[in-house]
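Here you get one chain, nothing else, as structure tokens; it is the form predicted alone.
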């Protein structure tokens, strides 16, 4: 199965990938497109010319109408795209609707309904627990029994490239007796995957782990920016709030779940055995390699395959109380960290709570983010016939606090 699109075959944006996004050109309204190689397929006119039933949803400025059609439509459109992009006889029909990536502006790919962030890395949770509770067990008693999470703020989920303004709030270091107000001094990142819900569910029902692929449309790379000093003062007893809600960045491209079939791997051993509603198939994990670049320096390569809780378990736990899913819901994995120092997915861990300097290639050192710093997250996953596919990058630069 080889595509005729110039430069795409064998690349990380081959026909085995085909992520969806929303784009526009000068003077045009945003609409849905699909990336292959270094071009975007303008789906609305192509689908209309081929009399595709779903053509109307590609005229919309978000992926939500397409995602709401459900898995049969997702599978049908993907099969149609693969055929159109590999059949030489279709080339003359498709080529007029290919737009160079350099000629388009990318937008937020979907409208976020609700946002939930989990805490599913054993290494990350153990590192943070050791820093916060050095004289106690790193993991709290519930951690190995359920995917711990919190509800975030959907309105501050932003697309890659959006400037991140340093947040202000209350801070109280351990060395001070009373809190003060001001810009965060310990601004951080969290390298994560985000899972995008397409098909909704009814309130009062739960979604089992075996129904994960019927509800989740695809995956985005995600940076959950975190103000650690604000978070440390506010999180007891109810958890993250203002230290997290100021910005969460996602990629402009949504990788379809079907593109990650070759990335399925077994989970790490789960001990104790999860309760029945959290049981999953053997290959419920994902083999995705993430890279964290700080001002041009690769500082970490977190491996998603090490995550303790599977995406299907996150979704099952999110809905087990009867909470409904809506099209556009986003739930994130929590920080991806591995066992080695160079696999830690947050600067809190890399600097070990600000005690160890992180050296950058320009000769400077950091513990947490400074104004003007830029962080770029990239990721790849195995492709079905060998090689790798890419997920859309997430890029963000820190601007000074305002007001």
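Positions refer to the first chain, counted from 1. Only a predicted model underlies this, so the values are computations on that prediction, with no experimental measurement involved.
Beyond what is shown, the protein has a form predicted in complex with another copy of the chain; the following relates to that form.
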Q | Listed range touching another copy of the chain, judged in the model of the complex by heavy atoms within 4.5 Å, from 314-322, 98-106, 258-266, 289-297 | A | 314-322
Q. Wondering, does residue 80 line up within 4.5 Å of another copy of the chain in the model of the complex on heavy atoms?
A. no
Q.
Using a 4.5 angstroms cut-off on non-hydrogen atoms, would residue 168 count as touching another copy of the chain in the model of the complex?
A. yes
Q) According to a 4.5 angstroms non-hydrogen atom cut-off, is residue 119 in contact with another copy of the chain in the model of the complex? A) yes
Q: With heavy atoms only and a cut-off of 4.5 Å, decide whether residue 152 touches another copy of the chain in the model of the complex.
A: yes
Q: State the residue from 146, 90, 131, 213 whose non-hydrogen atoms include one within 4.5 Å of another copy of the chain in the model of the complex.
A: 146
(Q) Counting heavy atoms only and using a 4.5 Å cut-off, do 114, 203 and 239 all touch another copy of the chain in the model of the complex? (A) yes
Q) Using a 4.5 Å cut-off on heavy atoms, which residues of 370-403 contact another copy of the chain in the model of the complex? A) 402
